[in-house]
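Taking the form predicted alone, here's one chain by itself in structure tokens.
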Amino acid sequence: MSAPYVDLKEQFIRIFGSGGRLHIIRAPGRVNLIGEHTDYNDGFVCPMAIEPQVLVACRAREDGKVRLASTVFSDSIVEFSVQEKIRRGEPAWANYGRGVAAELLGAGIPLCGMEALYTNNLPVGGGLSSSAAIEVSTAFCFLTLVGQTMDPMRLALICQRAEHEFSQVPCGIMDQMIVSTAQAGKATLFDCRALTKQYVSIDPKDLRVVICNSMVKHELTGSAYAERRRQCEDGVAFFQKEYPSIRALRDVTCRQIESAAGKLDEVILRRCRHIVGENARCVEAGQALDQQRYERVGELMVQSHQSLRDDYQVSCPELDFLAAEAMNVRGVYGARMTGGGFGGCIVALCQPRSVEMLTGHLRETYKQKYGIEPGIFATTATAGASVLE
């Protein structure tokens, strides 16, 4: 048994007491290689699961009570019952668990009570989907304790609804999908409308993915995210007047974007231009990855960052600096901001021999510029959530 499991079990016993059968569940974080803000526009994304993860120790209770604790968020125990109506509440992190329980019950899954302790080596708020990892691991806990399994895509949709209803974040399906369905050594080119996926190889002998956390999170995030969604909807309404078959920005062409110049509000036009261009970049990048055309993938990643910075306007100086500096290192194919924006992380695709040089360069230059020590790690593509024991 590896040391992290021993530590987690010992902490569980300190909090909840001994006895009963313990299960250990893992759910990975994810990084999106390209395809940003396209998921809620019925578009394409290309994420992969990463090595940092959420681990949960859990055991069943017979009285219907659910008691949750976290080594990251708080030492206090959050309690609710699966035999009563489940409501949102404080602390906010526990709404992921509350929401998943409520949605599983709503889907007709009979649940038992549970005690669960979460530990997490994903940077919270870093744009690496710690929330989806908590949701999916919670669902695995409940299902494991009642001896059930579920199709991974159905599980992802249940977890997405939990985030909508209980955390009140109108997220797309990407995060929960990749945390549930990822394959080791593969990224996923995912169609967010058809819910279909194509796995593309990330060979660790050829490629390493380096994630650098700016360690900043600007306060615009929540309001700006909702604003961008509204702006995309306004864009769809504009194009539907002339093209009634358009259902989402996924259906808009580059030519239609060009013809809207001077007719559509300039800010809305820029938002639409990013989404339409990003969908095209994402599909091409997935194909190029599969064909091992890494230079082209890198070019598309750089174009993606420029579009997120200039047209979608969700980057920030810290992310711009890190993305630009990464491209100054030999062996780096491409770099871009990843996640919702206004802080969080960049992702860089590079040759394995360049990892040490890249991490050293980013750490030194970023600290010189901003006085902040960035969080940096290299990873490869891992499998989705699973029961470890």
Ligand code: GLA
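We number the residues from 1 along the sequence you see. Since the model is a prediction, treat every value here as computed from it, not as a measurement.
Not pictured, yet referred to below: the form predicted in complex with alpha-D-galactopyranose (GLA).
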- prompt: Any idea which of 253-261, 172-180, 232-240, 79-87 reaches within 4.5 Å of alpha-D-galactopyranose (GLA) in the predicted complex, heavy atoms considered?
  reply: 172-180
- prompt: Glu325: heavy atom within 4.5 Å of alpha-D-galactopyranose (GLA) in the predicted complex?
  reply: no
field: Exercise: Gly29 in contact with alpha-D-galactopyranose (GLA) in the predicted complex, heavy atom 4.5 Å
entry: no
- prompt: Quick one: is Tyr225 in contact with alpha-D-galactopyranose (GLA) in the predicted complex, heavy atoms, 4.5 Å cut-off?
  reply: yes
task: Would you check, heavy atoms only and a 4.5 Å threshold, whether Asp39 touches alpha-D-galactopyranose (GLA) in the predicted complex?
output: yes
message: Could you pull out the residues of 321-341 that have any heavy atom within 4.5 Å of alpha-D-galactopyranose (GLA) in the predicted complex?
response: Gly339, Gly340
